[in-house]
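Next up: just one chain, as structure tokens, the form predicted alone.
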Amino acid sequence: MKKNLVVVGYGGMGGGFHVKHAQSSDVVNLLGVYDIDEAKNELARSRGIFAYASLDEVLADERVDLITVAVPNDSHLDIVKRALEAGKSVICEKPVAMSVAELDEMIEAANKSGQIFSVHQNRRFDVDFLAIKKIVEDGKIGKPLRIESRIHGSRGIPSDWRGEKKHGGGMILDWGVHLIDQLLQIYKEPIKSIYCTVTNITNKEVDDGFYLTVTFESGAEAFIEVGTYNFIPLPRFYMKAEKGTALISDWRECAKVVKCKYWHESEVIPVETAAGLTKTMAPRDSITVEEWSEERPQSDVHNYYRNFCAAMDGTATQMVTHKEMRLVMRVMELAFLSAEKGTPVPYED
């Protein structure tokens, strides 16, 4: 049976994503929406969508099974807790909270209410991420030594609350939350340290870009870079592994993989560079390496809702667990601390 859903927040993600998918969903039935901005409620009504008059009205509606919270980051805590305490299961947009302490309050409320609570990590369904994850899991080029994940744009931070510190703006909380979550789905090992630097090219109040290195106890590294002032983007993914390299230049492209079959070559022919000859940087030949492309995986982002509803029925474990939510939140907290100190910081829970 479909779950009755209300979306709180009829903005970009609320109206443009959650409502849109709910209207054609096989697992949820859209009862309506609510926004603190009456103009957005009127917009919803003009599109044939029922809009509640208040959050209290939403919470008092016994038909409501599930609430999706899609409002500015600093408003998540109160709405999530009130919804859980009212006996509703809750999906919250990312970042789920402004701090681990806030998240712990939400988790406590979920545990007391017995309701399902999770964060909407829709980027787990990105085909580029799924491709690099598949390459790691296949093991053809061995364990990853370093994975570089980048998102580059050239338009700065959107001119709304995302550029304001009080609302939880900035790229660490906006894009970092996704990219950290993705790489922690690949690296299943303890974190040793965090090192982060931020940029403030177009916005002095919050970070408009950042460079984050997560070092794991094995010595493996995850490097994440987000930039909003890059007119020539670097590759989306670059992975150096024990037996080769993988590259995804753009989310629309297939992954390119090169596996080293033989480390030593009997005779390396030097190449001439601008300043002289080099054997060290001479290209490999087809005898010592194997090259191929990985097809783009199939993906359906609405599987997030399918899993969540199954978790509500007790027939599945929720895809994004409280432990995973907490780990990502802690990494972001330590990223801010590292940027403030200007040094790497040890990982501590």
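This is a predicted model, so every value here is computed, not measured. A residue's number is simply how far along the shown sequence it sits, counting from 1.
Although it is not shown, the form predicted in complex with a small molecule is what the next lines describe.
Contact annotation: the small molecule lies within 4.5 Å of heavy atoms from the stretch 74-82 in the predicted complex, the single such stretch among 198-206, 99-107, 225-233, 74-82. With the partner omitted here, the residue from 56, 285, 37, 291 that has a non-hydrogen atom within 4.5 angstroms of the small molecule in the predicted complex is 37. Checked against the small molecule in the predicted complex, the residues 124, 133, 162, 152 give one hit for a heavy atom within 4.5 Å, which is 162. Residue contact with the small molecule in the predicted complex: residue 6 places no heavy atom within 4.5 Å of it.
In the predicted complex, the small molecule lies farther than 4.5 Å from every heavy atom of residue 176. The small molecule in the predicted complex is not approached by residue 128, whose heavy atoms all lie more than 4.5 angstroms from it. Interface membership of residue 320, defined by any non-hydrogen atom within 4.5 Å of the small molecule in the predicted complex, is ruled out.
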